[in-house]
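Take a look at this single chain in structure tokens; it is the form predicted on its own.
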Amino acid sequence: MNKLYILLIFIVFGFSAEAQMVNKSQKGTFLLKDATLHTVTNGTIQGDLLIKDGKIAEIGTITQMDAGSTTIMCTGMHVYPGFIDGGTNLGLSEVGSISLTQDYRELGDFTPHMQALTAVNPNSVAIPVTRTNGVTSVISKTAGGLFPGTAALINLHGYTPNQMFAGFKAVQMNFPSTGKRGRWDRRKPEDIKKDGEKAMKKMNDIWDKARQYAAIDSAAKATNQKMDDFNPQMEALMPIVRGEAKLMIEVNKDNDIKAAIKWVEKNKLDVIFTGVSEGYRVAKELAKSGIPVITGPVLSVPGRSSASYDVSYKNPSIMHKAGVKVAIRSNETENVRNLPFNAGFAAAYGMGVEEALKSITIIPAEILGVSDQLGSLEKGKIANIFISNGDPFETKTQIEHLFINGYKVPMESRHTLLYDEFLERDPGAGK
């Protein structure tokens, strides 16, 4: 069986190598001339944008150019900041049926110290596929138990994980659920209650130990001593206990969301709620808490059989209108490329185009603490930019040019190369 797995991996990655970029990314100075610039933070303007040294150097009417710069005429074209997906397994999984190609799940229920960034595969087949739809940055996250690991924000260009790192990390927590885990869950109500209480007790016990560990560490440092036993799990939680780092809490059911809000307030933590599929049922409570939300996927079915078919589409809008800061994620691996269409559905079901655009650009940048670098077209920000021939929320729109960290990235992927290969098929002479 092991030999079969190894053979399959060689086949998969051998084909992947054939399906990756043929052309290299280009570094240089680029003038995007006569474009419709969707700045996100300062409205839409007609003008030019200069990319230099990996950043946006100028916006407006630009007449003087450096020698050796490249001009891209953008008449009739649209320029947007690169989209940011607030939750994916991108770079951590290749083939769902082959466990050896999946690095987003670790053994054990308590592994907050496991870093998603170290496992990211920069040569993942899904990364170029994702970029060609205008997604330039994603949260790459782990999955599994109560504390499955530490997620990281990455830019989708680079030869190593460290080159891709975009400045944000956070420990993840799956808040204990007191409801059914899905339509397949056949547990009795009393069993569901017992399991929920057991999980809550385990979470609180871990948190009590983390507080004690932080207190002992502080006392040791105050007397210039070192702790005898190094605990990597507790070390990962210590900055959160001290209010120095954010915690990403996955929570979805309405009662669980309310319980999570109380738990966060009790422990005085700086958190981000993720998932929040039933946020529409407790939108007022979420708004009052001030906790930002990364919700999605929007392209999903209702979690309750009694719910309307379109509640997942309306969920971001209802929370936003209640006053919640809402970003949208795809929660995908292969189909992270569909992030703009998740936002498009949110726009159509009450959020509006402007707010939906913000929910995958400047809002996630603000939530993740990187809005000084990403999320909008502003002078001095990193040049994560794409140029399209229309509205990126429309499936017919084509992305013509893409820049990440100022590099002009080829619009090639496994999909485009296969399309080109089979567009003009020649079966061979005499056949």
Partner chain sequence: MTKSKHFKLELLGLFLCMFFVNIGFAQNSNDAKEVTNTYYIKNAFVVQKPGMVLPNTSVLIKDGLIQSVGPNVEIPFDAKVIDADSMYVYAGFIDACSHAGIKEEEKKDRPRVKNPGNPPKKLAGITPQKTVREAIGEKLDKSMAELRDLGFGFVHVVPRGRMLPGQGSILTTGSGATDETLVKENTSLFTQFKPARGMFPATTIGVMSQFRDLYKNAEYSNTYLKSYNMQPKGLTKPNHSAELGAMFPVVNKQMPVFFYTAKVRDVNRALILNNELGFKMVLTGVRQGWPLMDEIVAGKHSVVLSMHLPEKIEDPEEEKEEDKEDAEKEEKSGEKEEGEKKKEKKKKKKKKEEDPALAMMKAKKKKSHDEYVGQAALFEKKGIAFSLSSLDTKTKEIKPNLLRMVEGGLSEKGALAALTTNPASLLGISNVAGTVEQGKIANIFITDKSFFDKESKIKYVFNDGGLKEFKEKKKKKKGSKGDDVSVIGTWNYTVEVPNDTQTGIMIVDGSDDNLTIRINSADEPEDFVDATNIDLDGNNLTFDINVEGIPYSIDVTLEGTDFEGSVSVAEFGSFPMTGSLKDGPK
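Positions refer to the first chain, counted from 1. Just so you know, these numbers come straight off a predicted model, no measurement behind them.
One more form of this protein should be noted, the form predicted in complex with its partner chain, which is absent from this view; the next part is about it.
Enquirer: Just one of Gln233, Gln115, Thr178, Ser289 has a heavy atom within 4.5 Å of its partner chain in the model of the complex. Which one?
Expert: By the 4.5 Å heavy-atom cutoff, the listed residue in contact is Thr178.
Enquirer: Just to confirm, with a 4.5 Å cut-off on non-hydrogen atoms, which of Glu197, Asp208, Asp109, Asp270 contacts its partner chain in the model of the complex?
Expert: Among Glu197, Asp208, Asp109, Asp270, a heavy atom within 4.5 Å of its partner chain in the model of the complex occurs only for Glu197.
Enquirer: Using heavy atoms and a 4.5 Å cut-off, decide whether His38, Lys325 and Glu355 all contact its partner chain in the model of the complex.
Expert: None of them does, since no heavy atom lies within 4.5 Å of the partner.
Enquirer: Evaluate Ala259 for contact with its partner chain in the model of the complex, applying a 4.5 angstroms cut-off between non-hydrogen atoms, and reply yes or no.
Expert: Ala259 belongs to the contact set for its partner chain.
Enquirer: Answer yes if any heavy atom of Arg281 is within 4.5 Å of a heavy atom of its partner chain in the model of the complex; otherwise answer no.
Expert: Looking in the model of the complex, residue contacts with its partner chain include Arg281, since a heavy atom lies within 4.5 Å.
Enquirer: My question is simply whether Lys221 lines the interface with its partner chain in the model of the complex - judged by any non-hydrogen atom within 4.5 Å.
Expert: Result no; Lys221 lies far from its partner chain in the model of the complex.
Enquirer: So in the model of the complex, does any heavy atom of Arg242 sit within 4.5 Å of its partner chain?
Expert: Flag for Arg242 set to no.
Enquirer: Given a 4.5 Å cut-off on heavy atoms, tell me which of 146 to 154, 224 to 232, 251 to 259, 211 to 219 is the interface stretch with its partner chain in the model of the complex.
Expert: Of the options, only 251 to 259 has residues within 4.5 Å of the partner.
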